[in-house]
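Okay, so here's just one chain, in structure tokens, the form predicted alone.
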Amino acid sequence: MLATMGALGLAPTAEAAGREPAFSAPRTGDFTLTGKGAARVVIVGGGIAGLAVAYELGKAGYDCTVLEARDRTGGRNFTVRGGDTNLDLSGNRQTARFSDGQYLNAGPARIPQWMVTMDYCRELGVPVEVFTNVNASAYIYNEKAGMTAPVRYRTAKADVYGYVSELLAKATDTGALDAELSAEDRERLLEFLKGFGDIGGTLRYEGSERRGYRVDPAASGTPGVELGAVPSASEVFASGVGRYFSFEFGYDQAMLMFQPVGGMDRIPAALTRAIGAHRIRTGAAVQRITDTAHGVSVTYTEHGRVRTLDADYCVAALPPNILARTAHNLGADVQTALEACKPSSAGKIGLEYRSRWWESDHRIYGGITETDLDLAHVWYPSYGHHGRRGLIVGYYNTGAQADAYARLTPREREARAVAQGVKIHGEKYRTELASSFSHHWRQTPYLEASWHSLSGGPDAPVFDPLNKPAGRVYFAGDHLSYADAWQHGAFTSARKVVTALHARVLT
């Protein structure tokens, strides 16, 4: 009825809202109306995709069991708090010593407002708060480009936009664009550039209050002192600071962004409660998945004992690189597709400080500092402002940079990250440090990846076997979406599987 109303213009459609096609969760009434009965489903993998499948099927009364190899649900949604212990594949054991209220979102840490993850937060009662993804007061520091000191994001942006506007205005004013634009178009462009780059009637960039102040405006007698010594256009472009500004235009990175209050793992915790903890077996490492003529048999180890679980259907929500190493009879095409999902590397370190000196000394409240150091990104917390302590993400790096840190011991990672951070923030980055915790996804048991790269995307022919059931086994995960590395991808992939499996059961 809702779809019909939408077609008649009496209700908003999914397309009008700019959202994914409508999803209808299974309901117990579906079985009442058809005379069918709910099936038994075993879900392999207790990450976001696996939990979402169990949650949605559970609404219709399916008998779902989730098998999770680790001792907690959530998969790569991992929030580290004081007392948490982790043992990586290199034998490094860490126990977090963070104080109460401080945490590190070692995996996903931000949610764009258009993603269905926000809908699940609303539905599950998970409160959210703003995550500051861009902050004009944060820094940019490109040491390799010759910068000797960090520059504020606002200052770099004003200089880049100013000089780009000046150069384009000059080209327009000298007739270089006459073949492209009419006289009226050129006049409108110049008016835009005057404001965009703050170049005024002279069409020259000479700096302005947009760059920031050396002395901030205050009471009468203190009009403020603007930053001086505007670098030349050549110096600005050579510094490479302009490479970072396209980041904020990305559809999946644009403000506003959000985070769950208290840590990202509030989402899997809420899903676990909604599913029912009795339906989730942690410490259950799957050894084999066997599709049979009338169902699925899953063999797993739990507390050193080998067990078998039989069900009508199975949803394999394991990371594809792990599933590829799991025995199965799902066919060579499935195995080829799994092996074609290439795991990626990423790592983070949480640095807890005895004081929030970045707020008091640098006037930075949330946001990200960008750098060409091997730290890549430095995140300031978007929660706990003006508190006694705080936690900075001292690096969030990927690829070869993440792998280089992964080869170090936790103590060596801390020392290296702090030494690099001192170049940007000064000695308090070292002297105020209380503790740290580092995490690298390629070294994480039963995951061994931060996300996956699928050449050609999830709809490439090689991945067809994963986009449909192999007998009675379905596949789900963010890698089977166009939002890989986001929980949104896991949720939407789970919804697709739930819709297909439910339709099959009903018919």
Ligand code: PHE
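Just so we're clear, the structure is a prediction, and the values are computed from it rather than from any experiment. A residue's number is simply how far along the shown sequence it sits, counting from 1.
The next section is about a form of this same protein that is not shown, the form predicted in complex with phenylalanine (PHE).
Contact annotation: phenylalanine (PHE) lies within 4.5 Å of heavy atoms from the stretch 478-486 in the predicted complex, the single such stretch among 463-471, 65-73, 48-56, 478-486. Taking the partner from the other structure, phenylalanine (PHE) in the predicted complex has no heavy atom within 4.5 Å of any heavy atom of residue 409. Phenylalanine (PHE) is not shown here, and in the predicted complex it never comes within 4.5 Å of any heavy atom of residue 431. When contacts are judged by a 4.5 Å heavy atom cut-off, residue 451 counts as touching phenylalanine (PHE) in the predicted complex. Using a 4.5 Å cutoff between non-hydrogen atoms, residue 252 counts as a contact of phenylalanine (PHE) in the predicted complex.
Only one of 396, 120, 380, 258 lies close to phenylalanine (PHE) in the predicted complex, with a heavy atom inside 4.5 Å, and it is 396. Checked against phenylalanine (PHE) in the predicted complex, the residues 157, 266, 110, 389 give one hit for a heavy atom within 4.5 Å, which is 110.
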